[in-house]
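Taking the form predicted alone, here's one chain by itself in structure tokens.
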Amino acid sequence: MELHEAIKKITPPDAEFEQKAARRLDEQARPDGSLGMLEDNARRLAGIAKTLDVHLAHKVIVTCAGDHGVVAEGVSLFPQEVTAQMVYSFVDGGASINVLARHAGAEVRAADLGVSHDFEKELQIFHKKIDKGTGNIRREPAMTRDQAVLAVEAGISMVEELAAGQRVDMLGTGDMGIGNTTPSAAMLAAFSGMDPSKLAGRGTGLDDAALVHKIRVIKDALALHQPDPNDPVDVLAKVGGFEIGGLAGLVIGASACGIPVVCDGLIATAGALIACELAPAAKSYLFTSHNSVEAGHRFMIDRLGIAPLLDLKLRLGEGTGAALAMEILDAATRVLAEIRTFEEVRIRNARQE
């Protein structure tokens, strides 16, 4: 599905079911609002699923991978080869995301959007490579505009393929890409106009001197390319990443298919930010999983205006926060469906006294 077609397919969740959910939550035999964000998310999920008995039995986390030319500037402690090595680990089932996804009852699918490695065709991943890594954004654009659109459309196509082959009740998004905190911070700086020194974090564990250098790299990239904050595709093309485009496409594709989607930390949220800048209607289907310790993440969350579910000092990526948040969202569905109302338990509602 083409990008513009997918955006046009996004329709609002069912307001009537959201209202029904809100009434049921208000009538349950407990203090009004006492389950906080569980109630808010239960109401949202009811509107998306068009039922008061939502079941998230079939959950999938797609971890998008891509390499970045900017690693040549020394912005990461790890070599670029680690990206491909981690994709194999995701397939083998031994990575952090695999462990947490199993606990959440979710399937993990890895996707190659731009890894600088030729994966075997038979490897069980989404083969969506746009190119073998982006350009070094300190010296050249990350990608062409056409490539940026292709990356987003690759994410949309992954949702279509998943939905055609199986039931998907919830989609999670995660990332893998050595050096990708640098383009993520650059994209946020482009959209917000904020100083990169407030947005760039330590990534893989940079020391103070390396962090200062990373900030300089981001400033140089922004000064060179002047990405247009009113044109999300331009921002992605000039200072983004192939996997970030894929992550944006996952959010748009899920929204177009009426599937709730929960994003992980900094990089996955950068993808979600691109998605919502392109398609504001997608925000109704988006859940943010956690507060990352990466400096720029809270500003991304603020811009999206969607409160994260967890604050566990996470900064790994891969979709780990999304996996954990899925369990919270599972609980929210049971809160709505299974907690009895005052009438059902035959208790006079004290709130009406």
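Since this is a predicted model, take the numbers as computed values, not measurements. Start at 1 with the first residue shown and count on from there.
Below: the form predicted in complex with another copy of the chain, not depicted.
Only one segment in the set 136-144, 240-248, 90-98, 117-125 has residues whose heavy atoms sit within 4.5 Å of another copy of the chain in the predicted bound form; it is 90-98. Using a 4.5 Å cut-off to another copy of the chain in the predicted bound form, each of His103, Glu327 and Arg334 places a heavy atom inside that distance.
The closest heavy atom approach of Glu343 to another copy of the chain in the predicted bound form falls outside 4.5 Å. Of the heavy atoms in Asp53, none are within 4.5 Å of another copy of the chain in the predicted bound form.
Not displayed here, another copy of the chain is kept clear of Gly305 by more than 4.5 Å at the level of heavy atoms in the predicted bound form. At a distance threshold of 4.5 angstroms between non-hydrogen atoms, Glu338 is in contact with another copy of the chain in the predicted bound form. Residue-level contacts in the predicted bound form: of Ala295, Ile301, Leu35, Ala49, one residue has a heavy atom within 4.5 Å of another copy of the chain, and it is Leu35. In sequence order, Leu309, Leu310, Asp311, Leu312, Lys313, Leu314, Arg315, Leu316, Thr320 are the residues of 304-322 having a heavy atom within 4.5 Å of another copy of the chain in the predicted bound form; the partner itself is omitted from this view.
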